[in-house]
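So here's one chain in two forms, each on its own in structure tokens, numbered structure 1 and structure 2.
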Structure 1
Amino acid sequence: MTKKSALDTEDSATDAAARAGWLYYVGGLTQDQIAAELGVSRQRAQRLVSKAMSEGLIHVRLEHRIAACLALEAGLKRRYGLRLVRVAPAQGPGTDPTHALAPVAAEVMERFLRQPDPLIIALGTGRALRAMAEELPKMTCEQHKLISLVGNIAPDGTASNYDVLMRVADTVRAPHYPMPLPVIIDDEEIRRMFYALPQLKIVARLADQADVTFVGVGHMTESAPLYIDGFISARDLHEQRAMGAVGEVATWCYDSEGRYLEDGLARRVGGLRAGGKPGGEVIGIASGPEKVIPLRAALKGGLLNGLVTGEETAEALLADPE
């Protein structure tokens, strides 16, 4: 009757494991106490507790609204091989997704800013980053360097409304390196001239060494922020879309596989691509239904290795099969 006895021992072993797990996780006893209670050695108690957990007898649940967000974070990390993911809880329908994102994004950035070691922090632009900047607390970060990836001169010649760099640098009191050029430079000669400027080379070199980069992610539908804000023309938009553009990061468009497009508009962009030093973090900050396609592409192509997004967006990013 080896079979029956095997079953018996298996059952009683599982029973003992369950009992030990109950005492440990529910009762809060120490393994010594469990050993005494069950009349076994401490090591055996430890093994039973471990077995209870590994066999899934113990089910742990987190009773909090961010529990779902944490699960989404884990899913996104695994699926896209990301290093840092934060998912902001949904704030109910009708609320601006960017607004919900800002405090969470600010928290992420604050963590970098609080590092005592000097960091090079590169910044893109856009509404999400602007909102993040508003949520940053006042602090003093003389040790870091903030640099901008995008030009700070809007098409009309004024400083851009969404100049994130200045706002952040002002709030956190850090040395900062703006990019003194237009977002889009139509004349190739002038563009080359800009790029030859010494201070721009400094910024470019810093950007290449960035420890962490924060960028927004733009969509390329008819309501593309680049177009709405007048940085590119309808014709540019259609051209890029025809070339397969589904999103842009720091004005650089990419296709559905997350590959940067090298022709057309890309030849007129004033600014740098997100990247930073090898092993540096590139964190995308974006949320909303229109961001799902651009985000998925950017993540697939490895343009980002970090993400701050909203609950619904995260769900959408994980919804479709691999």
Structure 2
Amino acid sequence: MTKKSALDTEDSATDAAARAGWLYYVGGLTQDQIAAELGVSRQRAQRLVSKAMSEGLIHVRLEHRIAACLALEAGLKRRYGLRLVRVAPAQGPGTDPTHALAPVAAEVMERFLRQPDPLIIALGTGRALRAMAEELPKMTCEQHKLISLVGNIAPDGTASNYDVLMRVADTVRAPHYPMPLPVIIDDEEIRRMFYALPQLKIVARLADQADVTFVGVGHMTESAPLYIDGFISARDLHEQRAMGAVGEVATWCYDSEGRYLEDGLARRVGGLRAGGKPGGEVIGIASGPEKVIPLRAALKGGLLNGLVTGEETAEALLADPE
């Protein structure tokens, strides 16, 4: 009887791996059951299943609508160098993208809130963040500190409808630090006086140390939330657009390269820019066709290193040539 060649032995091992892989991934057998079926030890069965996957004998395809979202998340990470990406499945034409976004964004924030080690969490404002806050479960997070980046007083002197800090703090019972000043301060001298207050200096110092920051991303067209909701005038909007503004984060406008504008409205904003400590996360939460241009610019300029968005918005961001 002749001795088996090395090729025969290799083929035999590959055949065994293929059979083990089929039994595990298609047949649904456990490794103990595979071992009994093939007449080998459990350790040998485990090695054969691993070999089937590592040598490409098995191809796993996820048959679920979330599979497309997972592929988009990977693509956005590669394209823009992001650390965290979540893409919410499309809900169909005519639906508000914020509704699909809110539970996904809340899940991301909950992950940070449930960490036992103390975190400083900074918050912007806007519809998407407010919807996120409403999706958070009740919990107690006394180890964390919540910081507002944006003033909480509307132009008419009332509390801003889009203040997120208080909504989140009430839900998760965490110490919180509001920004007690108007969203826009028309008098630059009064603005300087506000910023000199010891309380604001505390908030600013904490915001600089933020471990993670959650912000909305606004557009600067005629339907800009800042304009529609009365925070800025038509003159302000046209001035900022003439200076190249395509978006805003926490009321700070930036151009198509993701560079903050330093003149005009920037001299009157009541709040702080998103940033946090070196190595911290700045997560933008936005979706919809009007958000594509501002998101693209913010990602290009490195204003964000994390993103929660919708499926169609993600596709549009990846469709744009690099």
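Residue positions are counted from 1 along structure 1's sequence. In this text, rigid core is short for the largest set of C-alphas that superpose within 1.5 Å between two forms. Note that this is a predicted model, so its numbers are computed, not measured.
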Would you indicate whether the form predicted together with the DNA is structure 1 or structure 2?
1
Residue 34 C-alpha shift between structure 1 and structure 2 of 2 Å or more, rigid core reference
yes
On a rigid core superposition, would residue 307 pass a 2 Å threshold for CA movement between structure 1 and structure 2?
no
If the rigid core is lined up, how many Å does the C-alpha atom of residue 19 shift between structure 1 and structure 2?
7.8
